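A lone chain, given as structure tokens: the form predicted alone.
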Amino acid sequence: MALLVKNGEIVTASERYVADIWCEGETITRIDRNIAAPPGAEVIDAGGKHVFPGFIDPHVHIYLPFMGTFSKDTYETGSKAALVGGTTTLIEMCCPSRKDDALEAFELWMSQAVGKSACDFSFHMGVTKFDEKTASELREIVKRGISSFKIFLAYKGAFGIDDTELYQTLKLAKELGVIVTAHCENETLVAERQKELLAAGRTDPGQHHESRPPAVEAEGVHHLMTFAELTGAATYIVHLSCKEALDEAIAARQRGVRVNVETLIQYLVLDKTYAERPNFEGAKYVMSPPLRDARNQAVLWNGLRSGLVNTVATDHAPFDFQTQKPMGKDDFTKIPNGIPSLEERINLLYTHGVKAGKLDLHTFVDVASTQVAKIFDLFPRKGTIQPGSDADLVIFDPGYRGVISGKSQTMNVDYSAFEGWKIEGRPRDVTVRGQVAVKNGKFVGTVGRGQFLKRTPSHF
């Protein structure tokens, strides 16, 4: 398998120059000007286009049992959607419930992906309890190539852990060099506020935000930071949505706490008025933490620009509007959470970030690829363009103009949260380890070719 990408403008987190990229087997072997294509090589002319390293989504849900139903994507549909959107690697949350065995859950999630994904993948291992078996099972899972855990300080009784379990998980992570990703909301405050709102007859989707306002998220971050400070564990706050939560993370970082911060594309471009739309339309926009007041968007864009926020993910969790979201028609607490965005993250980040002057191209690559690879032990195999790296390349057409629509999307869900939105620029061609997976915006890859990426812990 030989591939030559010619005449493109290579853009990484730190460099920008025009050159050809020669890929042999699955890796980049040479970068130079005017490389001649040997007989039989596949050639892509990237003249006038950007060539980015494959993008990495550090937070997705493909297989997700949640609130009595299952998310709609499979690895076949989800990985195709990722690739069409320029994402060549997914890191999925493996989320057992409290009654599930960790090792069995890990094997179940693996079985959903191996031989079924068109892009490469790994997992964050959910720790939803800590009993006498947990430590030995987690050690085994780490040996099998997982270098990050996931904990929930929300969803009491389902995924949420108590403070003793939190302390034990962080201590084990510190010992093993594993980074702990965390959903930070105070579960007691959420539960009590939900009860009060429902008792007052406030049942519509817009009440979801009122049940978990910014103070609830900020308190969750503060709580995690205290435990991280005392254990020395490396942490990563997932889907941070607001200034109040970011302030807590920055304050902890200034004290020496090891913390990285992820925000979501949804928080950068949508606000809470979407979830307040009438006739239950708002249910399309219910996720946790909820969409916030629009004033938080400038804070998060600035955080990305200045390095205070490290990554942009999607927390992709697709539930159909017609058949699944209505589970919460008369009770907002029963609306399955999630705003499907896996396919649109890069297009929206480029359109509303780069084109709008909020991010430069290097920061764009850094927050959507390079930083993810570095934090989660994939760099320099992923996240950059250099000899020896996997040949995951995105040939990006900055001149493209289009409109997002649920009718034309690849994600297996019956609506788009961004219906009718205009985009400027898109991935034209995408390669996964040297093989073309997307050509002219259409999937042409091989389902099942995606590999499980074994990762070695480095956060000691």
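One rule holds for the numbers: they count along the sequence shown, beginning at 1. Just so it is clear, the model here is predicted, and its values are computed rather than measured.
The next section is about a form of this same protein that is not shown, the form predicted together with a small molecule.
Contact with the small molecule in the predicted complex, defined as any heavy atom within 4.5 Å, is confined among 286 to 294, 132 to 140, 363 to 371, 242 to 250 to 286 to 294. A residue is said to contact a partner when one of its heavy atoms sits within 4.5 Å of a partner heavy atom; residue 155 meets this definition for the small molecule in the predicted complex. Residue contact with the small molecule in the predicted complex: residue 120 places no heavy atom within 4.5 Å of it.
When the small molecule is considered in the predicted complex, residue 338 lines it closely, a heavy atom lying within 4.5 Å. The closest non-hydrogen atom of residue 382 lies beyond 4.5 Å of the small molecule in the predicted complex. Among the residues 315, 390, 73, 344, the one placing a heavy atom within 4.5 Å of the small molecule in the predicted complex is 315.
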